[in-house]
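One chain is shown next in structure tokens, namely the form predicted on its own.
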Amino acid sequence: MTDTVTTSDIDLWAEDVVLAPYETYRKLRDLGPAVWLEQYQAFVVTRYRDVYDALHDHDAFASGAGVALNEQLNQKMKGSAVVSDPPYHDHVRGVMAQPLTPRALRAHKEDFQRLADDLIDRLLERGTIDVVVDFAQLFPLSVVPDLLGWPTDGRENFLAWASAGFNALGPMNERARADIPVLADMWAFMAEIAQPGRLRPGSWGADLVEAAQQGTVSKQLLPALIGDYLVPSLDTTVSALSSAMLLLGRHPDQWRAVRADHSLIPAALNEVIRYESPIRSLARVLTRDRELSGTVLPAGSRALMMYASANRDERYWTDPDDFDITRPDVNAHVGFGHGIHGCVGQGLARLEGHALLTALAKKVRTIEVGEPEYRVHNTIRAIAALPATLHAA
């Protein structure tokens, strides 16, 4: 590193920072457009315009060398849609995206809304609930396994697998190492489930297996591609749904606005994702020297794209620490990433979130929330438990 590069000894994965990160993000934003973290031998990019700029220059900020801060997972994920560059990325993403197009997802809208209505009715009968287990986890687990065509066995491991997959995207610290055995179990099961006939015919997973049989995608990479469907579809959605209940409960004026005007639901979900970004960050590797707002990042260096900081950047957002579902530019957040690596499953996550918020808006007058307990996790902004009482409309 040259003397002109700003360095910091801030540890983004220290427990206190993971649990309460936003002041640390502000300090890093104030230090410069890209700050070198000596402990992790990586740059961190924290300001909105720089993150957006980098995400839209996939030639310079490449994903094919890995998006994790450790080589063990980067090597294991090679060939997945996440850890790939064009032209291969465009090909494999095109195969995976077929059931996730807006037109394809519209076919599930009525079923999702019926399931969401039924869930909220059951929760209202109970009154007091744990938002994470009874709401945020339950709904994705009721729809995602069936879409993937998953057999009954293995479903009980979904949440642990998803959590481990994201934990390992950070540095290979104690938390990541503890989850390596969980990941090994997942990879072994993925290899088994990728065999023809194991997944329900016509499901998303079975279609991927068929594509491999026809040579459209590599059989060797098939387990990683099925994992691309599974892992991102759970923990991130659970995080967003948990945060939505917490934030709408804490801001009753915003909840009243949603109940009065259901057209605000998409904006409300976007503001939740901006305000409490489910994925804190993912990394890129520089293929050439590249400047960001006056700071040159050298070829070969790793740069961490800090989505959660960019979404709170006071240089871009007005009053970024205010939760405001009516802010005019709320859909500009980078909570789903951006550019060619923008989350391929964000349409599914939105469909789930919109269905649940619609059911809540129709049936729930007030949301009374307690204090959240957060998980210490390398990548996900994860609420572990949140008591709430729902009062019927």
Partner chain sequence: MDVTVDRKRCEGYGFCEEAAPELFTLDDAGELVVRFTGPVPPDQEREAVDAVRVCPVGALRETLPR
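Positions refer to the first chain, counted from 1. Being a predicted model, the structure only gives us computed values, none of them experimental.
The discussion below concerns the form predicted in complex with the partner chain, not included here.
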If we take heavy atoms and a 4.5 Å cut-off, which stretch out of 284-292, 160-168, 118-126, 99-107 is in contact with the partner chain in the predicted complex? 99-107
52, 342 and 350: each with a heavy atom within 4.5 Å of the partner chain in the predicted complex? yes
If we test each of 251, 91, 200, 259 for a heavy atom within 4.5 Å of the partner chain in the predicted complex, the one that passes is 91
Identify which of 70, 346, 366, 358 has a heavy atom within 4.5 Å of the partner chain in the predicted complex; exactly one of them does. 346
May I ask you to check whether residue 41 falls inside a 4.5 Å heavy atom distance of the partner chain in the predicted complex? no
In the predicted complex, does residue 326 have a heavy atom within 4.5 Å of the partner chain? no
Any non-hydrogen atom of residue 338 within 4.5 angstroms of the partner chain in the predicted complex: yes
Residue 332: touches the partner chain in the predicted complex, heavy atom cutoff 4.5 angstroms: yes
